[in-house]
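Only one chain comes next, encoded as structure tokens, the form predicted alone.
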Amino acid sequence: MTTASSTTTKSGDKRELDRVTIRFAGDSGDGMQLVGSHFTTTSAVIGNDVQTLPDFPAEIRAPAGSLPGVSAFQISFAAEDIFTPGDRPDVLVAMNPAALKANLSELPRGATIIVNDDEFNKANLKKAAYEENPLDTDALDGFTVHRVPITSMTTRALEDSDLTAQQKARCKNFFALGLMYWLFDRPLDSTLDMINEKFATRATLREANVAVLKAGHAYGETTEMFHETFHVPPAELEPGLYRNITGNAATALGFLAASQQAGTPLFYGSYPITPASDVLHELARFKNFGVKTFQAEDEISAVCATVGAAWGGALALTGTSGPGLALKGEAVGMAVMVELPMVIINVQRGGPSTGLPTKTEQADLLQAIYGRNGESPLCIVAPCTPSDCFTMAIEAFRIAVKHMTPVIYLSDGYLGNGAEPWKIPDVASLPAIKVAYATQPGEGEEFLPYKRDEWLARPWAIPGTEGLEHRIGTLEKQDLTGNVSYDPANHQHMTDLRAAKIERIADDIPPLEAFGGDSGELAVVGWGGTYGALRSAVTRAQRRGAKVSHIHLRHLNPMPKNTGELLSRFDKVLVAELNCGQLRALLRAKFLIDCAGLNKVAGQPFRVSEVEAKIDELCAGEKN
């Protein structure tokens, strides 16, 4: 077996490794996401740093055993701080021929392949477009292949169970999980606890899953197929209380925390859409914290209800992906016009239109900035890791409330579905969010709904408050009074004011920082979920002596005030993003910097090796 890092010690039949990347792959009904999640949780519990990459089909139910129906879950776990789920898996667990065929090209030579030998029958081979069984040919030469009869061993472990044959077969994912736990020295405890809790009132299913998990583990112990096991020791993480968290779960908790920090109820209006639906599922669990979730009949209803909630004084939140953001455009423009604080989540996916619903992309940046009619500027923030989703969710509402503006929160499918250990913060360390509603004017004074403070923010007036009556709607407002106005000079003035308000937010966000020095041969610039691949590639290049730095934007509109000045200190600038060059176009237009681009729209994140190759190309050109 090869791994992503070198062997450090070897004792008997147990080898100690620095890092391992495993991919579980099978039919969409084989429970690969479930076993991957359990392996992730167990690895996190014993102290490894972990990063994950779930990959599942867009079809609700593709034909069983077919290539379009392959579902996979990749996890990288390590004894050191890591930033990505690994470029290529060291181990592939393939539950059927389609899973093998769909993932074989991703494996490095020398990788280990564990296959469910029982499923490599004539019918399944045909579904995967194999003319002959690859296990019986030289197709897998160069790999270490273990043929394990997972289905039949599962059935044997459940001989005395009252489950049907079909139900027994569905337990085979836990056999594979038990085997992998043994092979990589993982304890069974956390998974056994989960099974006992989940099936507390269903004894037959509880006993079956426990039996199969233990059978897989025992198979590893007793078979002579595996000559050694592997151990990845705990990572030296910063002391604290950790939990494993996905980006979407962190997003939900971040907005819940913002509500608590503001002392204001949270309203979430949403229409289900992949990959943002999990945010709705998570927030619906927190009714005891005053969270109100509204599943609307469509995207337009969801965003209009959210505008109404903002007008009513709630922390107003709506969520979607790229196609839904397009539908929300007019109502978001209304929120810009009436200058109400609200946040719009966009967990980006591959496009255009319905596109690649379960794959990641970063192609909605220009849509977020310009995708509304008229001049309708708003603020845009973007988290960079699954755990950073929590931080930037709070930041989104801090800005929205303080500056009385809609804020777009740009996550993506890679972040939303990916997971990592998250150090649970001390509540006292969270930023305060001050909500100050307008109060009645003094005697003889007139309430001016568009009178502005030093940040150009207007008052937040709750409807029904005596003395605060004013017009609300989508027609242009007269300065100060908020009355409807068609005056050309006023429209120019209000357009300029709304733009100036957004630009002034740059005075309220931290300056941009460079990892590796604030000058040099090359700056690698990114935003959103590319962070891990870029940071890893830059770190490797620095170890080779390259004068390269990593700059990552989390505030995209406005950008930090020092952005142009910082970028100008580098001989070359490389902008890496999962689109065709949207941030690069913005940086060129705004700062007149001739950036190079590294762009990918394959529905998959960058590999570290891809970024490394581009860094080496540009640095070699600099030397020449």
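The model shown is predicted, which means the values in this text are computed figures rather than measured ones. From 1 onward, residues are counted along the sequence shown.
Only in words, not in the display: the form predicted in complex with another copy of the chain, which the text now covers.
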Report summary line: With a 4.5 Å heavy atom cut-off to another copy of the chain in the predicted bound form, the contacting stretch among 351 to 359, 398 to 406, 515 to 523, 173 to 181 is 351 to 359
Report summary line: Students should find that, of 542, 367, 151, 391, the residue having a non-hydrogen atom no more than 4.5 angstroms from another copy of the chain in the predicted bound form is 367
Requested in this report: Would you kindly say which of 155, 124, 161, 376 lies with a heavy atom within 4.5 Å of another copy of the chain in the predicted bound form?
Outcome: 376
Query raised in the report: If you check in the predicted bound form, is residue 457 within 4.5 Å of another copy of the chain, heavy atoms only?
Result: no
Report task. Indicate whether residue 492 is a 4.5 Å heavy atom neighbour of another copy of the chain in the predicted bound form. Result -> yes
Query raised in the report: Taking heavy atoms only, is residue 34 within 4.5 angstroms of another copy of the chain in the predicted bound form?
Result: no
Query raised in the report: Does residue 327 reach another copy of the chain in the predicted bound form if we count a contact as any heavy atom within 4.5 Å?
Result: yes
Report summary line: Across 477 to 498, the residues having a non-hydrogen atom within 4.5 Å of another copy of the chain in the predicted bound form turn out to be 485, 486, 488, 491, 492, 495, 498
